[in-house]
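Starting off, we have a lone chain in the form predicted on its own, written out as structure tokens.
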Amino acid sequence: MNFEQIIFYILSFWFIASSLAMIFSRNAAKAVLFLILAFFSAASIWLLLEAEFLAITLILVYVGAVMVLFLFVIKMLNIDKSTLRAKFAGYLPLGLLVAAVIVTEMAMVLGYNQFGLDVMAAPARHGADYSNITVLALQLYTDYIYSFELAAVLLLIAIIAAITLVHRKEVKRKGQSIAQQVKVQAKDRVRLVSITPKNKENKS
């Protein structure tokens, strides 16, 4: 076992451990932090495969943006922990069954018989001047340019649809009407009240 395989097993251990800790964590904020650790472990494994672009994208997009958004949402929402625990306990058997089925299917499809080193050769090592980002960009903007543009159009349609659904109903919020402020009169806003001091009430 060489040094690269040792690093791979260490990163895989932390990836699996952080994933399980994220699932079974009772604190939502801690679950997000464990998920960030899982993303870092997956990005490190991609670096071993010379997939620097995917690793950087995973860290910048998911860790730098999506996870921060998750933390803001968790802190802003008033989450009832007892309700979450009851739902977690209720759906736990079904979740374990679905997880077992998914793991079995992945083992059958991605097992050692299909993707072992005796079936598929190890990825070829490149020199220091090699850039997979350049190769990916050439493939993306030449052979798959129409698919890329179609995906961009679909994402634009999804953004417009989301904004339309949010603003479909009038949102109750406080606003400022300049016209009503100009028309206001003192008699409508100021009320003079005569207050009797407590000392006079006691003397009487």
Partner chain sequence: MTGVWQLIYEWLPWFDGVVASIVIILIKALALVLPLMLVVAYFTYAERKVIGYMQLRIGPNRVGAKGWLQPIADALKLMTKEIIFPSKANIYLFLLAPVLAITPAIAVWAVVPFDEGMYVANLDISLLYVLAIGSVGVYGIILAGWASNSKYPLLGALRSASLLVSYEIVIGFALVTVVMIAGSVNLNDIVMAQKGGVLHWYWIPLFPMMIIFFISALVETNRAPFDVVEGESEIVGGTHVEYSGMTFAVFFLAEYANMIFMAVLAVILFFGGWHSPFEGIAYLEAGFSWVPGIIWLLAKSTFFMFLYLWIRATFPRFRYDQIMRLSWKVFLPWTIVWIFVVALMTQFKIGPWF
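Throughout, rigid core stands for the largest set of C-alpha atoms superposing within 1.5 Å between the two forms. Residue numbers count along the first chain shown, from 1. These numbers come from a predicted model, not from an experiment.
What comes next is about the form predicted in complex with its partner chain, which is not displayed.
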Are all three residues 20, 92 and 152 in contact with its partner chain in the predicted complex, where contact means a non-hydrogen atom within 4.5 Å?
no
Scan 29, 138, 159, 165 and let me know which has any heavy atom within 4.5 Å of its partner chain in the predicted complex.
29
Its partner chain contact at residue 133 in the predicted complex, heavy atom, 4.5 Å:
yes
Though only this chain appears here, would residue 36 touch its partner chain in the predicted complex if you measure heavy atom gaps against 4.5 Å?
yes
Please tell me whether any heavy atom belonging to residue 145 falls inside 4.5 Å of a heavy atom of its partner chain, as the geometry stands in the predicted complex.
no
Although the partner isn't part of this model, could you tell me whether residue 76 comes within 4.5 Å of its partner chain in the predicted complex, counting any heavy atom of the residue?
yes
Heavy atoms within 4.5 Å of its partner chain in the predicted complex is the criterion; list the residues of 32-61 that meet it.
33, 36, 40, 52, 53, 56, 59, 60
When you overlay the rigid core, is the Cα of residue 182 off by 2 Å or more between this form and the one not shown?
yes
